[in-house]
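What follows is one chain in structure tokens, specifically the form predicted alone.
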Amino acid sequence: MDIVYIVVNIVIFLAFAPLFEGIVRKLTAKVQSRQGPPVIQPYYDIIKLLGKENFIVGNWAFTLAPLMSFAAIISVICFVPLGYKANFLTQYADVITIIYLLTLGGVSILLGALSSKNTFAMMGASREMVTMIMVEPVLAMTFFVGAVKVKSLGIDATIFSVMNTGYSWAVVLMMALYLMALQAFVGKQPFDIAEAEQEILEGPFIEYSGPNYALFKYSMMLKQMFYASLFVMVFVPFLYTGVYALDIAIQLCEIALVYVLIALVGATNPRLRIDQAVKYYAVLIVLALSAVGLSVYGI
């Protein structure tokens, strides 16, 4: 059954990530009084890109980068206890593994952008690097708050810490900080600084086309769904029933609500400058460290 849980994780993420992205696009358009694309447009985009030709403008790293990015996020998905079912990978890995894999996805974007030698790509890569350095610690603190409570770095123990031990002031503070960092996690406005379509024309991805670009696009969609599902699993495990299929259905509905929040925040806030974003990230890091401190003292 452990293998089945892993396969179910991968299939559900691959199937629903573009749908949730379509929901964000549609809601954003509605808020801005536009018609917007159909909800299933991301599926069409991926299929269309897969049918186009790859243009290779860099060295081997340019071709390897999208494969690394996609492989990294798929590996992360394998560890996720979707439906509150921990598989053997979840049990034998720890949160450091998740952090490393997510960082590898970000490094892949930097690798591809820098190898293209495009000016806009390099600007996007520098912004992606700053975002990665400043935001990943908030994700780490999210895990560490739970890890301190259960005295374990195991993925299942950490993610299920709220479910097993209940809420505390540290958890409530970390939940608020996670929501404040969510737009940066998923790369949506006001923190879509690395891509900034109107400013640097998709930044790190400007030289990509065809299947390579499809892999990057799909990776970003999967990454967004991971962060939304992580929030649901860690902070709002209210509707746990013990029935695997039902728990997955409930989680998907909750994830959809998180995407609605992402769409509303993105549609109503202008993009920040990189210096403004860095100040915002710094405040989040300080507050996240405070949450870990509260957890250490059992508060």
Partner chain sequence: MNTDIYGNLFTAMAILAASAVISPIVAGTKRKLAGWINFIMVTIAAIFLLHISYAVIFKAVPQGSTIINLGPLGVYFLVDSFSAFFIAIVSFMAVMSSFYSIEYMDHYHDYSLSGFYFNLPVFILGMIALLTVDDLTIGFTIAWQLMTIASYFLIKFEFREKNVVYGANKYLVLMELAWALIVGSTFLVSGSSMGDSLHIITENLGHTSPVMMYAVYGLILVGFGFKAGMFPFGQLWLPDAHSIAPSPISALLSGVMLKTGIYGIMRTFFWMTPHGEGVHFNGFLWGTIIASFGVVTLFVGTVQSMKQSDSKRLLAYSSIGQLGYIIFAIGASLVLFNSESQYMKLLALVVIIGALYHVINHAVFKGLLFLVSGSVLYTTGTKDLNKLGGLINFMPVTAVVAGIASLSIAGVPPFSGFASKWTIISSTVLAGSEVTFLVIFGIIALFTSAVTLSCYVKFFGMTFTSTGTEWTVKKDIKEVPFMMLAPKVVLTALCIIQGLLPFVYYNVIIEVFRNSNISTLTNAFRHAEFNNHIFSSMSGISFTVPGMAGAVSSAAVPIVILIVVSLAFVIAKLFKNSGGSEEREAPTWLCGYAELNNLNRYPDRSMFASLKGFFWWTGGNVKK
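Numbering follows the first chain given and starts at 1. Here the structure is a predicted model, which is why all the values come from computation and not from measurement.
Below: the form predicted together with its partner chain, not depicted.
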Which residue, L177, V162, L110, M220, is the contact with its partner chain in the predicted bound form, using a 4.5 Å heavy atom cutoff? L110
Pick from A86, L173, I74, L182: which residue has any heavy atom within 4.5 angstroms of its partner chain in the predicted bound form? I74
Report the stretch among 184 to 192, 224 to 232, 94 to 102, 163 to 171 that approaches its partner chain in the predicted bound form to within 4.5 Å, counting heavy atoms only. 94 to 102
Would I285 count as touching its partner chain in the predicted bound form under a 4.5 Å heavy atom rule? yes
Is there a heavy atom of I46 lying 4.5 Å or less from a heavy atom of its partner chain in the predicted bound form? yes
Check Y240 for me: does it contact its partner chain in the predicted bound form (non-hydrogen atoms, 4.5 angstroms)? no
Might G154 be said to contact its partner chain in the predicted bound form, defining contact as any heavy atom within 4.5 Å? yes
Heavy atoms within 4.5 Å of its partner chain in the predicted bound form is the criterion; list the residues of 117 to 139 that meet it. K117, N118, T119, F120, M122, M123, S126, M129, V130, M132, I133, M134, E136, P137
